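The chain below stands alone, shown as C-alpha cells; this is the form predicted on its own.
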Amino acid sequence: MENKNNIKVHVSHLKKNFGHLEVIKDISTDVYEGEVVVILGPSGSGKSTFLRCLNRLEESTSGEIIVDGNKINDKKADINKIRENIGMVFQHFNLFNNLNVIENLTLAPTQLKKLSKEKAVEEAMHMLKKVGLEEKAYAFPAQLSGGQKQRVAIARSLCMHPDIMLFDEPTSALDPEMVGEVLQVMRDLAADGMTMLIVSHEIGFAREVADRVIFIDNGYIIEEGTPQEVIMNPKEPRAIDFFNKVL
C-alpha cells in the first residue's frame, strides 16, 4: 500500500521537445512509495516520452525529475547507478536473443552488481518462479511465446531489485490471449507493494489495480485521481470523449 510520507518520484514542470515539436509541455506530479500509477491517454499524447524521461532514456528539455532523492536530469548524476534502482519493461521485451533465459536474467546482476554467478542464478530462478516460468530457464527467447517473453523481461528487471518499475505499454505487442498472464504478474507485484508507473491501454486493469490514474493529452496532465474519478467520472471534455470511445 502506498506510503504518503515517502515520495519516490517527483516531477516538476517537465518539458520535452524533439526539435521544434513539444511532446511534453508541462507535467508536474509526485508518485509515492508503493503507489501504482497508470498513465492513460490517446496515442501520441506524450505518455511513453514522459515515462522514458523518468530514467533518462530521453533527456528532458527542462524541469526537474527527482527519483529516490536523486536529481536524475542533472548532467552530473550517475545515471547508470540510478537506473539500477529503476526497472523498465518495454513493449517489445528487449531480450538478448543469443542468450538463454537464465543468461538474460543474470547478465546485469553479475556485471553491474558484481554478484557471483551462483548467487545470480539462484536469484534469477527465484524471480522466474515469481512469474511462473522456472521451467523455461534454459530456453532461448525464440522458443517462448510473446507473453512468456514479457514475463521474462519483468523477471529480468526484478533481478536488479529495483525500487520502482516503469512499464511502457507492456501488453500492446501481445496476442490478446497472452495479455492476461502478463497483467497477472503485474497484479502480484502491486500486491507486493512495488512502486509502479504503467503506460497502458488496458482500462480494465487500470480500474482494478491503479491507486491513481493520470490522463495525459497533448503533453499535459488533463486529469488525475482514483480510477473511479478519472475513468468512471471524467470531468474534462477530452477525457470524457476518450473514455466514451474505449469503454
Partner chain sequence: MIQLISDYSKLLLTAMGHTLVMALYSLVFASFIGLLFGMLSVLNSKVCKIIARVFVDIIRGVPMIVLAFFVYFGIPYAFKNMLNIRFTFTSLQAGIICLSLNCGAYMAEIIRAGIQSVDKGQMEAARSLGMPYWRSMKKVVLPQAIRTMIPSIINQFIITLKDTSILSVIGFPELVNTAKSVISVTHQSFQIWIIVGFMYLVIITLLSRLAKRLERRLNRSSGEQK
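Numbering follows the first chain given and starts at 1. All values derive from a computational prediction rather than experimental measurement.
A second form of this protein, the form predicted in complex with its partner chain, is not displayed here; the remarks below concern that form.
Which residue, Lys129, Lys114, Lys71, Lys119, has a heavy atom that falls within 4.5 Å of its partner chain in the model of the complex?
Flagged contact: Lys114.
Which residue, Arg207, Arg187, Arg52, His201, has a heavy atom that falls within 4.5 Å of its partner chain in the model of the complex?
After the contact test, the surviving option is Arg52.
Please tell me whether any heavy atom belonging to Leu57 falls inside 4.5 Å of a heavy atom of its partner chain, as the geometry stands in the model of the complex.
Although its partner chain is absent here, Leu57 would touch it in the model of the complex, with heavy atoms inside 4.5 Å.
Is there a heavy atom of Ile86 lying 4.5 Å or less from a heavy atom of its partner chain in the model of the complex?
Ile86 belongs to the contact set for its partner chain.
Report whether the minimum heavy atom distance between Ser172 and its partner chain in the model of the complex is within 4.5 Å.
Ser172 lies outside the contact set for its partner chain.
Taking heavy atoms only, is Gln148 within 4.5 angstroms of its partner chain in the model of the complex?
Answer no; every heavy atom of Gln148 is more than 4.5 Å from its partner chain in the model of the complex.
Mind listing which residues of 79 to 103 have a heavy atom within 4.5 Å of its partner chain in the model of the complex?
Contacts from 79 to 103: Asn80, Arg83, Glu84, Ile86, Met88, Phe90, Asn94, Leu95, Phe96, Asn97, Asn98.
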